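Only one chain is shown below, in structure tokens, and it's the form predicted on its own.
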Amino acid sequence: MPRFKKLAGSNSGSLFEWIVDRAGLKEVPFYRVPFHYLSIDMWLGALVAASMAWLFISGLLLLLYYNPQKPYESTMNIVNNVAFGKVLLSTHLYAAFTMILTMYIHFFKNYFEGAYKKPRELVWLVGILLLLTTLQTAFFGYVLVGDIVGTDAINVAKGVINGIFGLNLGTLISNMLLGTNPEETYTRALGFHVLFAGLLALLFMLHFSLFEAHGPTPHHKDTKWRTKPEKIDQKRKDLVPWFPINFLYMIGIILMLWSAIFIAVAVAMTQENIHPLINPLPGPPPDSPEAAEHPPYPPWFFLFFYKIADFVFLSINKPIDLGIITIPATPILLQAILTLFLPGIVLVLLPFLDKSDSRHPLKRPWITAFGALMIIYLVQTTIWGLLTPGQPVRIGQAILVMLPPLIILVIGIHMLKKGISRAEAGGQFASLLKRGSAAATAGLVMLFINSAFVFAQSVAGEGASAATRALEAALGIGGSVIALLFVAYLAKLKKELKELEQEGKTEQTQENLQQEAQTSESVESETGWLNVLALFYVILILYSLYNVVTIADPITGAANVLSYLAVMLASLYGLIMIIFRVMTEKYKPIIGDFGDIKPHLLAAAILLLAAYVNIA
């Protein structure tokens, strides 16, 4: 150590401090945030980034072994002959699923919280491009396996393109994108997959740069749901340094998500009858007898539109002569316009249409209702497409499924909105609660009426089987329940807004922060349990690493390998969280409450699931 101090030429005292000093990590220009911002709901974008990081790592390794001229054979070679190939392929697939899910959650959270408002319009627009690019990248990667699921996805995609653009133009577009024979199809699919992945990386860097230029959207509790202040004041006294506090939290999120992906794949591998759309391993080849048992599906994240394409009452089945131009037969053009293009235009124009000075969902009622309907209809049509692929849907069926949630949302949001308006005009908070109860009561009454109606239709319906009517009844009821829960959540936000307005403060004063810091120092920390837990994590890491290295066959024992890797990553996450809490003790004393224990529940859950995998 003395030699190193002399080499460093400073009194830093440790290799760690020397690296921090020479790398300039204490001066990185990243936005600092208050300690209470370090929570998962404020770091959903980091979950997306963590998924993408594993996708790039595993994807580059898989690319070394993949041959587009023999897609299925090379995929099965990776699974059966390449050491840890099954681990790479299956986790790559589930990381893509995770990225799509977390991106949807991240997108809708920012939508409802008004994070697209000035000065973050470009952040929002690039985020929409990221979502679209992710879906396209996932599609082309999904078909590269060459099994029956990927082959069906290609055929469904060609049918969708022809249904939107007509047979002549659609065939031209599908031939350009997917070729005219299997060799061209998989070569182009690989090319587009890599191309979109590169575009995804560039868009992510741009999105991150724009995010850092403005920082995260201030928490609604700090702004009372207003658009001011637009940024987090970097002179606030309660900010934590980006390094090492934010950095440690970010590393912890990455390890947490990777461990969850690994254990999810391990558990899925132990299931015999897992649905082909979420099977982590390839299905049968398209020319096998087993392939005949699989109905044609697109990737699960396109199931919603796959079902909407079955809305035959919107189909243009014959050419329409307009004199100057003739619209060809385009069976799903209207479906695409109503469910893809128009919502896309609204989302792109949203920052320029919504210029109000409030981010509260009830101050933007039509935007809130539109977003809630997008979520409900996504859920409904995805399940609908999964259970009844290719079955035509008539207008009466669509109304029974999709109208009740719309009515509940409109009535509920209207009542709550009127309550807020009256409160702003001087009404009593009790009237808000009364109107919130009225909205909930109206929702329950409509839910009951809808349930009775669709049940009667399921029993005595014409043109559809009882099972189909029962499914439609369940979808209508399920959508109504989601709408009702959403209205109830808005009522909670309404109450919270009133409480924030009564407090009359948007952020703590310097005197309060100093007083809080003095209070924190006066609390005696209890860190003994952290030392024991840290030792336990170290033992788990060494044990898991030993089992991964010494496993006899990483191919047949892929599920066991994944379970040990999941335990190792979860243990590393636990260690990171211990270091994080010790380093942030001055912001929140370590007193052993549930908030300090909660991060370690994941490691316990991973450990239990790993035990299940190894027993199974």
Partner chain sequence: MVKKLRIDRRGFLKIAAFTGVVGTVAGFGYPVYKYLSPPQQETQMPRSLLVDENGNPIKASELEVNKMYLFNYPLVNTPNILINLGDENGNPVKVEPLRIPLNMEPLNEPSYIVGGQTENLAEHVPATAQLYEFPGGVGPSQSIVAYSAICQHLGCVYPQLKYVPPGQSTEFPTNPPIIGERGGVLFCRCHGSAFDPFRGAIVLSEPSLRPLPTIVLEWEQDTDNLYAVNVVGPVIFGRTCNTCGGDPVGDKVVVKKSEL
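Treat the numbers as computed from the prediction; the structure is a model and nothing was measured. Numbering follows the first chain given and starts at 1.
The protein also exists as the form predicted together with the partner chain; that form is not presented, and the subsequent description refers to it.
S.K.: Answer yes or no: in the model of the complex, does the partner chain come within 4.5 Å of a heavy atom in every one of Phe84, Leu542 and Met568?
M.R.: The answer is yes: all three residues contact the partner (heavy atom, 4.5 Å cut-off).
S.K.: Considering the partner chain in the model of the complex, find the one stretch among 369-377, 152-160, 124-132, 74-82 with heavy atoms no farther than 4.5 Å from it.
M.R.: Of the options given, it is 74-82.
S.K.: Name the residue from Ile579, Met42, Ala53, Val28 that puts a heavy atom within 4.5 Å of the partner chain in the model of the complex.
M.R.: Comparing distances to the partner chain in the model of the complex, the residue within 4.5 Å is Ile579.
S.K.: Which residue, Thr326, Asn531, Gln502, Asn168, has a heavy atom that falls within 4.5 Å of the partner chain in the model of the complex?
M.R.: Spelling it out, the residue with a heavy atom inside the cut-off is Asn531.
S.K.: Taking heavy atoms only, is Tyr186 within 4.5 angstroms of the partner chain in the model of the complex?
M.R.: Tyr186 lies outside the contact set for the partner chain.
S.K.: Answer for Leu61 alone: is it within 4.5 Å of the partner chain in the model of the complex, judged on heavy atom distances?
M.R.: Contact with the partner chain, yes.
S.K.: Is Ile482 one of the residues lying within 4.5 Å of the partner chain in the model of the complex, judged by heavy atom distances?
M.R.: No, Ile482 is distant from the partner.
S.K.: So in the model of the complex, is the partner chain close enough to Trp384 to count as touching (4.5 Å, heavy atoms)?
M.R.: Because no heavy atom of Trp384 falls inside 4.5 Å of the partner chain in the model of the complex, the answer is no.
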